[in-house]
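Here you get one chain, nothing else, as structure tokens; it is the form predicted alone.
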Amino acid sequence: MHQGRESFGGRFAVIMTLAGSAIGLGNLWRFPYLVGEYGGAAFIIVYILMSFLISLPMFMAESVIGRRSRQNAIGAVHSLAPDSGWALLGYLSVITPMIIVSYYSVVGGWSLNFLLKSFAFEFNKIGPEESLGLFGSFISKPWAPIICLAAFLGLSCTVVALGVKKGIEGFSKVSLPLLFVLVVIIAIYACSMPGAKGGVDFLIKPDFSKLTGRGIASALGQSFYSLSLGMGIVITYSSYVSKKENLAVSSLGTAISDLLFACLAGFAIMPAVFAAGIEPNSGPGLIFQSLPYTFSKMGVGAPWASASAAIFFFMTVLVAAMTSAISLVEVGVAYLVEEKGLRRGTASLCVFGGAFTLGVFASLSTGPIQDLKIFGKPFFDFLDLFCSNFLLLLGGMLAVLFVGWKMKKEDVFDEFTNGGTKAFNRKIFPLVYGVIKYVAPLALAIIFFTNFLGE
């Protein structure tokens, strides 16, 4: 452990920061369009099952790695398995979040732009077709999305540069409670809109005919993506968790918070999608296409209502995006600070430079260079598919194999039960350990190969 290393505060701070890494655009942006593509409630049911049966034990496994080592993702593996081939887990855990934050920040830039449009009253009195065109017009431009990408990524890196307690913890403790309040308000209004019933039915009535093998793989991929698994975040954040903290409680609190927010996001978005007459499987731009029309309906007779609602919503999207982007950035920054000896500010600037460079290509692929494709996918879509359905699965597989087969069982037990002092943890340890060692690797292998079989 590095001398003078910062740690999170009490349990509230731990759950807020861990939940902050999980709650983000994965819930507000990615979850609704996957729900729309794979049968609505059918996808949600599989997603919840995957989260509790596989992803939660895996979250606990990565938490054990992080807190046991008290180091960054690469340092953790070197510490627990020195001079071994397991170094691949550490390097993959740093590379993957750097790729994700590059295209994730593109979407964060979109939210920043739409927040600015909200302040300019641009969503007042627009119809469904204009709502669709507003988003398409913006992402097709070369420079505006790139400028927004730079601004969003710069804000996220600035928070990280401020430090673990002052920056990351401070931001999460304020932003997470605010996010829940805002998304509940938006969901209540969206469900009350004319035509919203179709969206509510879509979320509560499963259509298993649309739930293909790829859909099940996407449910697990989304669970990974949302809970920040396989990308070094849980390892890094858990390394800042006090030895007194109960890992089972903080892990369960994070998973429940993430699932609750995802479901609330579904009820904030899907009813508005149906009310606007937009196809629920419209893809990554779904929230940016449906919500402007929703806000215009609110502004009938009261333009201030439309602008206020839009500001609230896109502020929610922006803050949610930042909580996750901050955690992605922190993985690389922690590595550069602890392994390369850089100052935190310099490390944050280095991560910004690398992520921004890759992000520029992801941004341009939604417009000016959309015809340039990799394996038939635009660059943005390729990065999203490659990370969520492949790199995260590989990283998650290595993490559970590391805890289940490389680490000593008594060391895992000692960390998970706080030296045997947590009675409930002792009781559930055999079950959790069994899932980590046997069930999770098998499930991951099945899902991983499903990605090669198509629909």
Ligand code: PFF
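Just count from 1 along the sequence shown to find any residue number. In this text, the rigid core denotes the largest set of C-alpha atoms whose superposition between the two forms falls within 1.5 Å. As the structure is a computational prediction, the values presented were derived from the model and not from experiment.
Quick note: we don't show the form predicted together with the ligand, though the next part is all about it.
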> How about residue 231: is it within 4.5 Å of the ligand in the predicted bound form, going by heavy atoms?
Replying inline: yes
>> Contact with the ligand in the predicted bound form for residue 27, defined as at least one heavy atom pair within 4.5 Å: yes or no?
In response: yes
> Is residue 172 close enough to the ligand in the predicted bound form to count, meaning some heavy atom within 4.5 Å?
Replying inline: no
> Wondering, does residue 77 line up within 4.5 Å of the ligand in the predicted bound form on heavy atoms?
Replying inline: no
> Is it true that 100, 104 and 226 each have at least one non-hydrogen atom within 4.5 Å of the ligand in the predicted bound form?
Replying inline: yes
> What stretch, of 239 to 247, 347 to 355, 367 to 375, 218 to 226, brings heavy atoms to within 4.5 Å of the ligand in the predicted bound form?
Replying inline: 218 to 226
> Using a 4.5 Å cut on heavy atoms, which of 71, 324, 251, 113 is close to the ligand in the predicted bound form?
Replying inline: 324
> If you check 447, 436, 22, 15 against the ligand in the predicted bound form, which one has a heavy atom within 4.5 Å?
Replying inline: 22
>> Does residue 47 shift between this form and the one not shown by 2 angstroms or more at the C-alpha, the core having been superposed?
In response: yes
